[in-house]
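The chain below stands alone and is given as structure tokens, in the form predicted alone.
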């Protein structure tokens, strides 16, 4: 089992461990994620049809309306939210959503070093992401 340590900036404190769901595209929670199912519905998105529930969601940055913060909160309230969020650049909409939903969040991370299916340990206190993968 190979381990890689990535350093970023802590945004929302907390710790989480889970499977990585990685996108190379920005994500909008408003209109991009169904708040009733947690499924990514944004047309043309590389994660279209995937669920954000109980994964470590890694994407470059958010985009879209400020209502996206409330969508992220609604996902958490309904048990459909990601365990943690890892971004290259923190978008204010995603930050506010992570804060009010109490989802650990880190930015400043080179997400190209993370693959879908990797096991990640996210530490929102220190800004460290431990990547564990076979081989």
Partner chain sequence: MYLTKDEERIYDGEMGWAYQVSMRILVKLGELYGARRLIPVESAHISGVSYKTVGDAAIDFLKALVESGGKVRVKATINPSGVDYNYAFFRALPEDLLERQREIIDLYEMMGVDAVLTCTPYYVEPPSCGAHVAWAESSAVVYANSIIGAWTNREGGPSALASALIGKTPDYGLHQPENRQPTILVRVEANLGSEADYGALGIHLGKILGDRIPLIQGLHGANETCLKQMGAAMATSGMTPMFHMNEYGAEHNKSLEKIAVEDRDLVRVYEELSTSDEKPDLVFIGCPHCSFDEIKLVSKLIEGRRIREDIRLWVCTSRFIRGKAEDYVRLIESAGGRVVCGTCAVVTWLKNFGIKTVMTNSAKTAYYVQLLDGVKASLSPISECINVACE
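Bear in mind the structure is a predicted one, so any value in this text is a computation, not a measurement. Residue numbers count along the first chain shown, from 1.
Keep in mind that the form predicted in complex with the partner chain is missing from the display, and what follows is about it.
Asks: Can you tell me if residue 74 lies within 4.5 angstroms of the partner chain in the predicted complex, counting non-hydrogen atoms only?
Replies: Yes, contact at 4.5 Å.
Asks: Taking heavy atoms only, is residue 37 within 4.5 angstroms of the partner chain in the predicted complex?
Replies: Outside the cut-off, so no.
Asks: Determine whether any heavy atom of residue 111 comes within 4.5 Å of a heavy atom of the partner chain in the predicted complex, and answer yes or no.
Replies: Heavy-atom contact with the partner chain at 4.5 Å: absent for residue 111.
Asks: Although the partner chain is absent from this view, report whether residue 16 comes within 4.5 Å of it in the predicted complex, heavy atoms only.
Replies: Output for residue 16 is no: heavy atoms all beyond 4.5 Å of the partner chain.
Asks: In the predicted complex, which residues of 49 to 76 put a heavy atom within 4.5 Å of the partner chain?
Replies: Stretch hits, in order: 66, 67, 69, 70, 71, 73, 74.
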